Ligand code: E4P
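Listed next as structure tokens is one chain, alone, in the form predicted alone.
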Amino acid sequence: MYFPSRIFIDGGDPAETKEADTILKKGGYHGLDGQTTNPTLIAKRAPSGVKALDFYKDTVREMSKIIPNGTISIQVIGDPSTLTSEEMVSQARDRITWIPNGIIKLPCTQKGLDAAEIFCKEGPINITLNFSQEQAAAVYVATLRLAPLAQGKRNEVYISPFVGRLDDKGEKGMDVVANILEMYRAFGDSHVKVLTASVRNVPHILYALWLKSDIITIPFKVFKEWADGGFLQPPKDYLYDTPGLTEIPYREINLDQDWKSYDLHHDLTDVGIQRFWDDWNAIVK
């Protein structure tokens, strides 16, 4: 059995990856489609005195063995005040060699998309910390002309809108997912896959399934709650009710401009990048 969306687990623990994959298979599904990681999630498990990058590499290698047919997102990391797009590309070229099914996470910033514009022709990417439709427009345009691979295949491109962090601000985070999907579908090209991230609860999952988000990445705790409820799926008339959250309206945005003309700034993107660096820097050896 399959869901309307690909199902990823979000975390830094291969034991959770294995358990989630097993639960799905026991439920009659084909198992996990992938895994997302980030510096904060990896740092939570890192033992004292460990070489952080080696620990990250070993962790994703374990995950890759558990779900060899899925993708494992690996993030570039650095001090946001000094990390350059050239360094991001260099990190991406190294990290993509760690496992055969890796996909490189780059931040949704100008430097991140400078790197993405180059590396998307070499390997798959996941543009992370996305919080606005206009950011998504820039991602779409920056990656539109992908170099074809053997047998006419193209590298995958994901964009990860973080819905929970918008909810925390009193905004309806799932509106960003809905708006991006509508914008991409209106243009008719599906080269960027929408990966619903920062999932906090089962209604987030249900609405993402109802919207047919390409991918949903779910923390193990929320995944377990969904699984314990029998992997509930939304009815055709599903209503995503979020009292108290301010709606984020859809905008008509043309996808035929230079990507640098779009407004890439969002405070939550800046905060997220800094938090990832702080958590990672605390364990670097």
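As the structure is a computational prediction, the values presented were derived from the model and not from experiment. A residue's number is simply how far along the shown sequence it sits, counting from 1.
The next section is about a form of this same protein that is not shown, the form predicted together with this ligand.
Colleague: Within 4.5 angstroms, counting heavy atoms, which one of the listed stretches 198-206, 107-115, 134-142, 169-177 is next to this ligand in the model of the complex?
Modeller: That would be stretch 198-206.
Colleague: Residue-level question: is Lys121 within 4.5 Å of this ligand in the model of the complex, judged on heavy atoms?
Modeller: Looking in the model of the complex, residue contacts with this ligand do not include Lys121, since no heavy atom lies within 4.5 Å.
Colleague: Taking this ligand as it sits in the model of the complex, is Asn38 in contact with it (heavy atom to heavy atom, 4.5 Å or less)?
Modeller: It does: once this ligand is placed as it appears in the model of the complex, Asn38 has a heavy atom within 4.5 Å of it.
Colleague: Using a 4.5 angstroms cut-off on non-hydrogen atoms, would Trp210 count as touching this ligand in the model of the complex?
Modeller: Result no; Trp210 lies far from this ligand in the model of the complex.
Colleague: Contact between Arg165 and this ligand in the model of the complex at 4.5 Å, heavy atoms?
Modeller: Arg165: yes, in contact with this ligand in the model of the complex.
Colleague: Considering only 6-21, what residues come within 4.5 Å of this ligand in the model of the complex, judged by heavy atoms?
Modeller: The one in contact is Asp10.
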